[in-house]
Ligand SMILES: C[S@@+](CC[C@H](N)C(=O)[O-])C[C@H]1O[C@@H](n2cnc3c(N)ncnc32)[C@H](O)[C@@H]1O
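Let's start with one chain on its own, the form predicted on its own, as structure tokens.
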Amino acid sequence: MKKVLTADQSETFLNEEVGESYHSYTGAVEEAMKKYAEPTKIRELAKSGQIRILDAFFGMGYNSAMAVSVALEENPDCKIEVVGLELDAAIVSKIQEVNPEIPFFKYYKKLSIDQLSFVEDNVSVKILLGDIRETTKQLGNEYFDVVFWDPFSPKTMPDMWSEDLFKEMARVMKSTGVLATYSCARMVRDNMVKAGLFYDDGPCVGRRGPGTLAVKWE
């Protein structure tokens, strides 16, 4: 993997086998805030005192680390549980090689191939390593307040944007839960609808098109 400096001076990696980077070149940290933490209203959720986050396609954990940072800034006593789903152990190991300007990320340095979980005060983080089509089976029904969906692109990995996987997300999301992703591809949104999710535009950040926010049908 090749390290890449993005426009906001935060680092990511290029997966040369896939031909895509793990974050937007317009800014990896900006993406974590603008595409995930802000549109899922993490600050508002923090006021409730408890948040459960599913960070699907965890990578180096920028998205959930940013969400935790925002939540603790709003409510230092908020209890936060993060579950990360990741296939590639190699990208988890790269956590040790980056230092993004995300306050809580320093604790993510505790994660490694040999240690896939940690607890820091009222925050717990755990990675389930393996094929997401299998690891999702370990997740409980209607459990998560927020899902961050951040695989490689639909063009590169269409199987990771399937109706079946979105059905699993609908299953594990609370009735009030929200899923955020960077893609607005027609196939992605069609599969969300088939899975029982209602979508709307997310923010436009570093792309011409918006991201997507999805909730359960009422």
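Only a predicted model underlies this, so the values are computations on that prediction, with no experimental measurement involved. From 1 onward, residues are counted along the sequence shown.
Unshown form predicted together with the ligand; subsequent notes refer to it.
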property: Contact residue in the predicted complex, chosen from 126, 110, 94, 133 - any heavy atom within 4.5 Å of the ligand; result: 133
property: Residue 160 within 4.5 Å of the ligand in the predicted complex, heavy atoms; result: yes
property: Contact test in the predicted complex: residue 151 vs the ligand, heavy atoms, 4.5 Å; result: yes
property: Non-hydrogen atom contact residue 72 with the ligand in the predicted complex at 4.5 angstroms; result: no
property: The ligand contact at residue 177 in the predicted complex, heavy atom, 4.5 Å; result: no
property: One stretch from 166-174, 37-45, 188-196, 51-59 that, in the predicted complex, holds residues within 4.5 Å of the ligand by heavy atom; result: 51-59
property: Heavy atom within 4.5 Å of the ligand in the predicted complex - qualifying residues of 1-32; result: 21, 22, 23
